[in-house]
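Just one chain follows, in the form predicted alone, and it is written as C-alpha cells.
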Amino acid sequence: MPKTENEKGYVNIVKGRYKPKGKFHIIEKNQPIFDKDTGKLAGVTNPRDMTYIHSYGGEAIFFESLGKGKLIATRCENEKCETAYKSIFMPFRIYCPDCLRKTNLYDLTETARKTAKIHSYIITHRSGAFNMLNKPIKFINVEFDGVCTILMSYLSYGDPEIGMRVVPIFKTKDPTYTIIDLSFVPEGTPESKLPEGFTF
C-alpha cells in the first residue's frame, strides 16, 4: 500500500548532519496463509515497509551528473602510481585501487558517445525484488576507449550484440539519482525510440 505524505520518510542535511523526518518503518498486520485444499495453517505473511538512508558520500557527483546528461568517471593523477597513473575508471572510483590516492573527476560523456561498445551481455526474463526495469532486461557490459574498466548497464532499445556500438542515454526528466538513470541504445537510434524521460 502506498504511503501517505505524512508516512513518508525524508532526510535533509543541516550543518553537516543528517536530519530524518517522518516514518522510516511501518509495521503492517500479519496475515495467515491457509492451504486451500486442507484448510490448515501453512504460515503467515510478514509485511514490513522500510525506508533506508543510503549515503553516496564521494560518489554523489556521479549520480547527480547522470540526471544532467553527464557521465563522470575518475582518473588517477598520482605520478608516483606505478600501475594506474592516468588510468580512467568507469564505474566511478573515489580512490585509485593501486596507489590508494584520491582520484580526480573526468568527464567521459563525449568519449562514451563516440566509442562505447558492448563487451558482453545477458538477457534476463526474471528479476529480484524491487526491480524497476522492464523485462526482459538486456544487461550489457560496456567498454570505452582509453578506460581500463568495464561498466555494467542495460540496453533500453534494440537487441544486444557483442561489439555493437552503443551511445549513452540519461534520465534527465525526473531522475531517480540511481544507476538506472543511465542506459544505452544502439548507435543511430532515433530520439523517438528513447524511454520516457530519457535524452541523449
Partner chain sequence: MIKFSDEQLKIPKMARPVYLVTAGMSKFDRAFPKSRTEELVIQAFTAASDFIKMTPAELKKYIHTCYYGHFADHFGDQLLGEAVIHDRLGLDPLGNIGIKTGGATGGSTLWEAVKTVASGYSDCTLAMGWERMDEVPTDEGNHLISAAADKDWETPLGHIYTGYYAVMAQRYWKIFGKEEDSFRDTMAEIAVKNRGYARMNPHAHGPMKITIEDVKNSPIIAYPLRALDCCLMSVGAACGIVADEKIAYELTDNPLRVWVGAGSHTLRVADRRDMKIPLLPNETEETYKNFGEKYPGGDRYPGFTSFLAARIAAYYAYHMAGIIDPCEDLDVIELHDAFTISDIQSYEDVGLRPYGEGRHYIESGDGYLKDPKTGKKGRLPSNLSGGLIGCMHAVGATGLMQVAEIAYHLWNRWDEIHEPKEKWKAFGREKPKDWESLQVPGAKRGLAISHAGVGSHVTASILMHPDHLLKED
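Residue numbers count along the first chain shown, from 1. Here the structure is a predicted model, which means the values were calculated and not measured. Heads up, when I say rigid core I mean the largest set of C-alphas that superpose within 1.5 Å between the two forms.
Just so it is clear, the following notes concern the form predicted in complex with the partner chain, a form of the same protein that is not shown.
Contact check for residue 131: a heavy atom falls within 4.5 Å of the partner chain in the predicted bound form. Not displayed here, the partner chain is approached by residue 98 to within 4.5 Å at the level of heavy atoms in the predicted bound form.
When contacts are judged by a 4.5 Å heavy atom cut-off, residue 170 does not count as touching the partner chain in the predicted bound form. Though the partner is left out of this view, residue 90 does reach within 4.5 Å of the partner chain in the predicted bound form, counting heavy atoms only.
This chain is drawn without the partner chain; in the predicted bound form, the residue among 61, 152, 26, 164 with a heavy atom within 4.5 Å of it is 152. Of all the residues from 112-139, those having a non-hydrogen atom no more than 4.5 Å from the partner chain in the predicted bound form are 119, 120, 121, 122, 123, 124, 125, 126, 127, 128, 129, 130, 131, 133, 137, 139.
When the rigid core is held fixed, the Cα atom of residue 136 travels less than 2 angstroms between this form and the one not shown.
Core-aligned CA deviation for residue 43 between this form and the one not shown: 2 Å or greater.
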